[in-house]
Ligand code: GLU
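To begin, one chain is listed below as structure tokens, in the form predicted alone.
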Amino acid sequence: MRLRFAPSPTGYLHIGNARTAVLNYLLARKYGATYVLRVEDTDMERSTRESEASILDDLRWLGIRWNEGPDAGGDFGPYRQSERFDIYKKYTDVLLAEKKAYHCYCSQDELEAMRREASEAGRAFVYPGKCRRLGDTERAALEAQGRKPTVRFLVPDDETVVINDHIKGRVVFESGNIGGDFIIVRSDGVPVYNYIVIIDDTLMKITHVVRGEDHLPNTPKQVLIARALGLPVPEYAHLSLVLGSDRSKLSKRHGITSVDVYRREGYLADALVNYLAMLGWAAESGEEILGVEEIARQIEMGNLARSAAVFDFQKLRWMNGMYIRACDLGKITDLFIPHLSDAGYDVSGLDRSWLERVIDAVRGNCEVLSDVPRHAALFLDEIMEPDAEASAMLEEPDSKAVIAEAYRLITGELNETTCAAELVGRIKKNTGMKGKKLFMPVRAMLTGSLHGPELDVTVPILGYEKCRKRIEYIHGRFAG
């Protein structure tokens, strides 16, 4: 069994395409199949090697590995379509010689006029085959005018194409309903996708094509080309589309659609792969947090979803938060550090064990890695300016008594050894405050907020010096 993912390097890796790559990879793991990466770069104006490198980097970040590809080699290369033009030309010559394709000299203006005429008549445009039977003299005259022909495939009349799709079931197409003779080679000599994809799939011995259902209308054209060339046809599985919350095709207006942006925002690769898999499949148990190996064990090509999946950004954030909390502490600390650096925190000189205590205290509040600076600031900043809610609490008379006693203790009786264990208890004993009247003012003094980690976690991590500086600051602002 051989599967493939074939991105077009004309921009970033779209999240919908990433989902196709993920599902192909999981199926390859499931069935022990060969996974082929093919770069479809025949859009010569928009395709770039920079985009290709970016897409391959994103795939590697997702944990996807391929057996064959432009960087991995293989027995069926080249794996870039732009390097296979000589192969395609041989097949084009065969189709022309056997009268299964022909040169078309219709200009864009002429084709546009035909489209307008069809539109005004209320019918879909079908190329009428104007150039099907041009003689040598007619062709020579048109070429003398400087016209460069395209090559059109001659669609046979009254032919039925049946696709036994692994997801959609039996799908039937009639050759008369696919838009007429279609272009397979543009006037600049560059072959088009619908033509060469079936040649590549055949020569690379792809047995199963798993791709988005937006490619389903292209499939009869590809099958007809295969028949004309005597090539075998792979099995197909067309994945349901990924939609936005308004049930239109997922686009930038719905939110992030680039894998690279998810990566920079601080989503974990394992979480994103888990979520993308769930956009086309569900475990029988109903479990949603599953690793690659477990999904690969359970997934089947035949149980991929038929109906469209709605991309739920909040659910992805929730799932990512679950992965952050479950991650090994040392690993998640390493993943958080770049986001702390981007926020201006130089943590390189900090004691590693102390930094891990900080991360362990705050990661429960982080849904993405980029959340960490605003939560870790509690421990990394010298002074925490109280927010409006905390300020209101610190202005209350009972709070002023707590502030005064905290100041007396931190500047006199307590030290590095006793601060963490005794600060709150001594304030309680000496002021008689308890419950919210005790804990809220202390929290507000030390953290600038009425919300956050418990004080028995916060105070030991802050340590004596930070507690002293913060209590002195609050005392100066509120105790007078």
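Please read all numbers here as calculations on a predicted model, not as lab measurements. Residue numbers run from 1 along the displayed sequence.
Keep in mind that the form predicted together with the named molecule is missing from the display, and what follows is about it.
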| query | finding |
| --- | --- |
| Answer range among 94-102, 347-355, 191-199, 147-155 for contact with the named molecule, defined in the model of the complex as heavy atoms within 4.5 Å | 191-199 |
| Interface residue in the model of the complex among R84, R211, R263, H166, criterion: non-hydrogen atom within 4.5 angstroms of the named molecule | R211 |
| Listed residue that, although the named molecule is not shown, lies within 4.5 Å of it in the model of the complex (heavy atoms), from E52, E68, D58, E40 | E40 |
| Contact of H215 with the named molecule in the model of the complex (heavy atom, 4.5 Å) | yes |
| Exercise: A6 in contact with the named molecule in the model of the complex, heavy atom 4.5 Å | yes |
